[in-house]
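What follows is a single chain, given as structure tokens, in the form predicted alone.
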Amino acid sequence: MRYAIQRFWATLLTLAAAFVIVFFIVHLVPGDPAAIMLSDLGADRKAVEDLRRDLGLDQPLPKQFLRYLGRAAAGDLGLSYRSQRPVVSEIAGIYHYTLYLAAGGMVFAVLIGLPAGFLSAAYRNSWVDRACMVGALSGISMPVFWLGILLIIVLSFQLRLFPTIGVGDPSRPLDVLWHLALPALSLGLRGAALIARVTRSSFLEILGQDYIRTGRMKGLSEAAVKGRHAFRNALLPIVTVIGLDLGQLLGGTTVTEIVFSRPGMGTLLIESVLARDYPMVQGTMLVYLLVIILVNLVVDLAYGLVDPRIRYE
């Protein structure tokens, strides 16, 4: 319990530091939001200055930060410069698309990476091992955008198995899953490659332990030795990389959303950066950071469930 409380306070401090860094980095981006918002209207300099005053951008940066901090503490991340709607409402209305995509990518990463890693370790130095590791190396080496385009060409244009863009009809769950499958596969393959390599290394390390050899000498079958004794003890580093990969998936869907023309946090962030929509950029980045920090916290606390020998003090 004490460890959980310590990790909770550490999480709050990390989030506070991220909050400060995000605010000041966003305001260091070149470009005037007021000038960008009025660029299509041919407004004169006075109109731009008036808009900057209305948005509070004429105030010193520390004063802007204190005002933003006070609002954020009350759950108000401000209004979007573009839509004039609350940032919280904008994010809440679109975040589920990113969550579905990240969850789908994680499912593919685990379903592909875990079996590949265990097979590679169980049949070490065989053609199965070499095939799995070549596939893992290829998955890690491929850029996400290139892999997404390749999947679209092969599975959508040539084989016509999946749609290329969009999220499907929300009233038809199967149609939503059909539209989700290809981008989730594209996002999850890189994670699957990483999980496969870590699983292989962890499993091989466990198979070399003395108690595994003792089990074999007692006449236990290979299935019992590898499945019952080696599997659980090899899980700890695998859980770590799965947790870290989940945080990366939640924060790294931007390229996949753009390639497959899906709405989501990544698309919203890019559009907001181009428009110098400071409140929206700050809000989306804070949500990303919050999710990643919380995922890391959950992974740390889950170690005790995976390995009962771990005790937190």
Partner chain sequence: MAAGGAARAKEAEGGVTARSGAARLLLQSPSALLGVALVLAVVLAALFAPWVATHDPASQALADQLKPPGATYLLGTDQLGRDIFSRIVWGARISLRMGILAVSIGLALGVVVGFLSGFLGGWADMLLMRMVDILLSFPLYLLAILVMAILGPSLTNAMIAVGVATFPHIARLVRGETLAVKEREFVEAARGLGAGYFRLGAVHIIPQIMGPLVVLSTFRVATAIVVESSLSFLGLGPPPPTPAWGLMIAEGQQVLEIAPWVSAIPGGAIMVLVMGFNLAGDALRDVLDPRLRGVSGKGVEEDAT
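This structure is a prediction, so every number in the text was calculated from the model and none was measured. Positions refer to the first chain, counted from 1.
Only in words, not in the display: the form predicted in complex with its partner chain, which the text now covers.
The partner is absent here, but in the model of the complex a heavy atom of I153, alone among L99, I153, L111, L161, sits within 4.5 Å of its partner chain. Site annotation in the model of the complex: the residue of A47, L69, L61, I258 reaching within 4.5 Å of its partner chain with a heavy atom is I258.
By the 4.5 Å heavy atom rule, the three marked residues V29, R200 and Y288 all count as contacting its partner chain in the model of the complex.
Using a 4.5 angstroms limit between non-hydrogen atoms, G168 is distant from its partner chain in the model of the complex. Among heavy atoms of S138, some come within 4.5 Å of its partner chain in the model of the complex. Its partner chain is not drawn, but in the model of the complex it has a heavy atom within 4.5 Å of L269. Of the heavy atoms in L244, some are within 4.5 Å of its partner chain in the model of the complex. Between 71 to 79, 140 to 148, 84 to 92, 171 to 179, the stretch whose residues reach within 4.5 angstroms of its partner chain in the model of the complex through a non-hydrogen atom is 140 to 148. Annotation for 11 to 28: interface residues with its partner chain in the model of the complex are L13, T14, A17, A18, I21, I25, L28 [heavy atom within 4.5 Å].
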